[in-house]
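Below you'll find only one chain, the form predicted alone, shown as structure tokens.
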């Protein structure tokens, strides 16, 4: 075959590449629109004609966000896969998506997917199938929407040593926390507004409990550290426990609360139970307002990368939405088709390092906590003693006198806001549990991790 990308004469006819699209939701419909409306421009970029031969859906009559030719739709996904040269999977979920992707890969067909849940559960299996068949699976759309982060990690930073990746990887939770910070809204009110605007689903559990971000951390952590991880390796805590009082206290201290996804190297610090490896976690975190991620507002996403030689890099942009995410899908598609035209397979990520996923216990971090205490002699001494006994030191402590409370009649009350120095997470957790048991502590709330300035 003459290679159109290598200077084919103008009168030559480019070859045609048959594309199967699985799914026609917000993203799938936008991908179909781009393929149909921009076919000529895409042909020039690819060196072959991208022909959308069909769209597999569950229900032929479901309403679509984009008007598309009805003759393209089918409910026979297997037949469509078999008829195509490349497959785009945008259906979501574990099955039948896994079986369909394996069907395409085993037949040597490149696959483009945005299915973060599947990749975070079965990524190693899918990569192995692609390598065995001499083809590729690409998934830029699975992490942070339109933000180009997967390919930069795979290619641009492949010769560097990444030490940490942290980011805002879920637009719904960022919108909610941003509303709580900028307007003083409660969690419930901010969530309701996010649902009204379409940023949150009717059932927002996957977002607000952190599961969506955890899938992305598993995927991105595997690429960054050349190791294979699943969502089970990610310590996850969502934002449902974050209150308006927590957000206000953070603001007064010069911080903003964000749900951060983190993947970082954890060195062996002499604890035989804490081997060198990578810790993966999703946790609400207090960020100093001067940190680059603190300025990420609304439903936007951002990923902050710390590398040995490149230093600090930040990738920022829309983290969701039909058209933005379709842009990431099309980037993968064009790259895969250009490789196909040139006669070469894609190169997948390397998992040679095989760094273990470590427990969050050994991570060095800081805690912020708020204590309700009686305002009397001996309270500070008792609290300080507990911190000292557990080897945790206090960075800052602020006291605020409170008005009388009917729940504690006859007592003068004080609120203590404490931020610790960095310590092992396990030691901090043990300290907090011991503090809870003190007679001089009436209530402990506002327990949030603190990200120190880089």
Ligand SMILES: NC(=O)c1ccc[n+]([C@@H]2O[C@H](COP(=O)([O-])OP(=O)(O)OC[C@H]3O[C@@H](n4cnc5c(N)ncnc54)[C@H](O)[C@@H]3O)[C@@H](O)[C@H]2O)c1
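Residue numbers count along the first chain shown, from 1. Just so it is clear, the model here is predicted, and its values are computed rather than measured.
Omitted here: the form predicted together with the named molecule. The next part is about that form.
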In the predicted complex, does residue 421 come within 4.5 Å of the named molecule, counting heavy atoms only?
no
Is residue 112 part of the interface with the named molecule in the predicted complex - any heavy atom within 4.5 Å?
no
In the predicted complex, residue 217 touching the named molecule (heavy atom, 4.5 Å)
no
Is there a heavy atom of residue 288 lying 4.5 Å or less from a heavy atom of the named molecule in the predicted complex?
no
Is the named molecule in the predicted complex close enough to 28, 56 and 90 that every residue in that trio has a heavy atom within 4.5 angstroms of it?
yes
Partner contact check in the predicted complex: of 362-370, 113-121, 377-385, 153-161, the stretch with a heavy atom within 4.5 Å of the named molecule is 113-121
Exactly one of 96, 134, 343, 184 has a non-hydrogen atom within 4.5 Å of the named molecule in the predicted complex; which residue is it?
96
Can you pick out, from 167, 222, 319, 210, the residue that has a heavy atom within 4.5 Å of the named molecule in the predicted complex?
319
